[in-house]
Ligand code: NAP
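Starting off, we have a lone chain in the form predicted on its own, written out as structure tokens.
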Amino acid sequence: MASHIGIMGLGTMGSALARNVASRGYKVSVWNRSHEKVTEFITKYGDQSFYGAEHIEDFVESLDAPRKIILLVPAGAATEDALQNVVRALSEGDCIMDGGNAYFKDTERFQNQLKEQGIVFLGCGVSGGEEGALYGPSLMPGGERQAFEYFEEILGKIAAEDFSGKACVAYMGKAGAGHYVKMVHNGIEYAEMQMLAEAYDLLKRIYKLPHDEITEIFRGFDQGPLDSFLTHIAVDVLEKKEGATPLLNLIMDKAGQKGTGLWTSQEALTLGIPTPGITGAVFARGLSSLKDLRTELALKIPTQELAPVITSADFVKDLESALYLSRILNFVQGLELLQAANTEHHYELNFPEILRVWQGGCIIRATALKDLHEILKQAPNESILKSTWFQKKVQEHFQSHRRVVATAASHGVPLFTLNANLSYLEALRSSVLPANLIQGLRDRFGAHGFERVDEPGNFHGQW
């Protein structure tokens, strides 16, 4: 019996997604560069729902025509190599979906190359990690509409559900739109993780709270407006112990990264969109890798210990407010970047659908997305910054956010995302900024010119 779909790559995500697809009643052919993984997979999960192919030609021949293949290998060289191997065995009309964390420009290049051979290519962001891939991920497909239609039925069945029970999958738009949306999703994810880490650091370093008490504070956060997947699993991480020792105390304070946060920041800089919370999180990871230098400087530049002036109970309330407002700003910055990209790349993005798809399965799913989704349903192309809902939330949480950042500054605790997001908000609400001095300096040394507030035109100063 021919397979309905093929999956290339049996790493963590590939093997989990293959099992998800099979659980929906589909016959699945699997292939991996190392055939030992195929053998192990078939031995473990059986051959009734799966066909383990040894060679690419065998893999392709085992599929129903037109063939549908999901590629789940690391982005970059591994993706390029897998595509070259499989394409030579495919026929016109076959379709490939790349479900890796590909760079959107690579996706667009593959689309153009394969189109010349009559092969349809879909770039699809997949979020949710191993658990999401197995039980229901958030799916962000983009490319030719025809490519999405090839996979629409299967994707709809394997996806997670949003807050109303609808599948967390939707056509994102043209070209590399799917992987672009996933890239921005990951940038928001960087900022979300960083702000939670900063909250943990503040409670530990300033208030020196016992580990178990910090765990309970995070548990309380997860039961309120900060309810989200990342807040929930932060409790899991805090709870985990080896004997009587919290595992977190044994984990080296050096954060890794695979590049999607960096790409988000690079795109923001290219398009001139400020994303300080996201970019601050990227820098924080880079600085965390300087462990030896940090250890040396900690001895040479000590921080004076001060007693906090806010009680721990009041600070926790302020911290919850600051985290909530910062979370909204993380999403706002991501959406502002997506709106600019939509204009630049002509993706035809559906912004309400993006927020709906993020409501289930994905790493950044959060209760706050329900309100944000409703706002964009009413005004799909308007900035959330202009909404009365956002302005009300600022009034509710602004002062708490300020107190948290001020407390951190007075105690020497770095805040890459919470502080950056506060400055972002302060700048947005400032009708006058000191950019006039910058323009004056640029004109003084480079004759770049400037505009005036009292008359139109471009002027030079007689310095």
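Residue numbers here begin at 1 and follow the sequence given. Because the structure is a prediction, the values reported are computed rather than measured.
The discussion below concerns the form predicted together with the named molecule, not included here.
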item	value
4.5 Å heavy atom contact with the named molecule in the model of the complex for all of 334, 357 and 369	no
82, 170, 316, 95 - the one with a heavy atom within 4.5 Å of the named molecule in the model of the complex	82
Selected contact from 141, 100, 187, 277, since only one has a non-hydrogen atom within 4.5 angstroms of the named molecule in the model of the complex	100
Close approach of residue 10 to the named molecule in the model of the complex, 4.5 Å, heavy atom	yes
4.5 angstroms heavy atom contact with the named molecule in the model of the complex for residue 327	no
The named molecule contact at residue 181 in the model of the complex, heavy atom, 4.5 Å	no
Contact of residue 177 with the named molecule in the model of the complex (heavy atom, 4.5 Å)	no
Option from 265 to 273, 107 to 115, 146 to 154, 69 to 77 whose residues, in the model of the complex, bring a heavy atom within 4.5 Å of the named molecule	69 to 77
Within 4.5 Å of the named molecule in the model of the complex: residues from 32 to 52 (heavy atom criterion)	32, 33, 34, 37
